[in-house]
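Form predicted on its own, single chain, as structure tokens, below.
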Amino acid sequence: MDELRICHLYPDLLNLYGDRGNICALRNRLEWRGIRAIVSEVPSGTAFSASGHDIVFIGGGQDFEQEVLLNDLSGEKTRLIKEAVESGVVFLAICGGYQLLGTHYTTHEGLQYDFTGIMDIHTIGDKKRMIGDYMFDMDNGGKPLRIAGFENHSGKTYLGEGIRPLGKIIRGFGNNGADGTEGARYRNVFCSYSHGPLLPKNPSLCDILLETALKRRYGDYSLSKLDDSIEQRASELIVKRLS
């Protein structure tokens, strides 16, 4: 039986707005196809293996929770996470988890917290929150994929060299409310500000992550089709409302 190893990194601190549902979506959409899903949790203070996972999920957290993680992330764990990223492990990082993969976060009071520096992105805090349902178009091999989500963040993220956006904002704020970008892509890393959680609302995106991980592990791989009629109807209703 084929299998994928899924890691939930920092489930004890980074799990806002039902972000754990992304793990459920990944696991269920594998098991519905007869593919074994091995899910492990790596909370703070626990060792991380760069070679032990096919997919790593990092959820969102509040600013003070990100500060708590800085000591745990420093040194060896950051090196191992970067090693996993550079080797092509699939990552899904949401909001605070997305920010932690960048170089630093500057609060609106001017304090700077240095993060992992795995990706050339940085975030600047603002007093005003960017909140609400939103949607964006994600490039999927030249064909846009409409994604619906929910954002709630005060940090404004800016992409640096070698980092492309996950998508183009159609309605809402996205990375910073100014440049029309949402999220980030680097190698097999997918970053977004979408809570809610993201993947149950967007099964096509979930399958992109799964197929990417399966191809990395097994070579040429094509997922069988599932009946997503209920999920598609729910997504279409959100898109229709936002349009």
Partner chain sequence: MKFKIFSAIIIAKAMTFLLRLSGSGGTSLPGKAAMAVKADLLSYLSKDVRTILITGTNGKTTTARIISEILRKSGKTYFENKSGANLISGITAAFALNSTSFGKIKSEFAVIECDEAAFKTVGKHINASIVVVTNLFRDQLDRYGEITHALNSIIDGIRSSPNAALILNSDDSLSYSIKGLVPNRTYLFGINSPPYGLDADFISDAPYCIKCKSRYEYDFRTYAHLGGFRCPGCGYRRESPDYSADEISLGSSFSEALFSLKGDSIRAKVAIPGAYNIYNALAAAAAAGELGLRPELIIDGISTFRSGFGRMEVLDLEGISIHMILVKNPAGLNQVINFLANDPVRKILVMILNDRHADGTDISWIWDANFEKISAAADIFPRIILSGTRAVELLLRFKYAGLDTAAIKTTGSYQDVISEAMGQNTERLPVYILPTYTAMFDFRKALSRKYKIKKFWK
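If you're wondering where the values come from, they're calculated on a predicted model, not measured in any experiment. Residue numbers count along the first chain shown, from 1.
Keep in mind the form predicted together with the partner chain is missing from the figure; the text below concerns it.
Note on contacts: among 103, 106, 152, 78, the single residue with a heavy atom within 4.5 Å of the partner chain in the predicted complex is 152. When the partner chain is considered in the predicted complex, residue 212 lies well away from it, no heavy atom lying within 4.5 Å. When contacts are judged by a 4.5 Å heavy atom cut-off, residue 239 does not count as touching the partner chain in the predicted complex. When contacts are judged by a 4.5 Å heavy atom cut-off, residue 40 does not count as touching the partner chain in the predicted complex. Shown alone here, residue 51 lies farther than 4.5 Å from the partner chain in the predicted complex, counting heavy atoms only.
Judged against the partner chain in the predicted complex with a 4.5 angstroms heavy atom cut-off, the residues 82, 85 and 165 are out of contact without exception. With the partner left out here, the partner chain still marks one of 51 to 59, 195 to 203, 212 to 220, 173 to 181 in the predicted complex; by a 4.5 Å heavy atom cut-off that stretch is 195 to 203. Shown here without the partner chain, the chain has 131, 133 in 115 to 138 lying with a heavy atom within 4.5 Å of that partner in the predicted complex.
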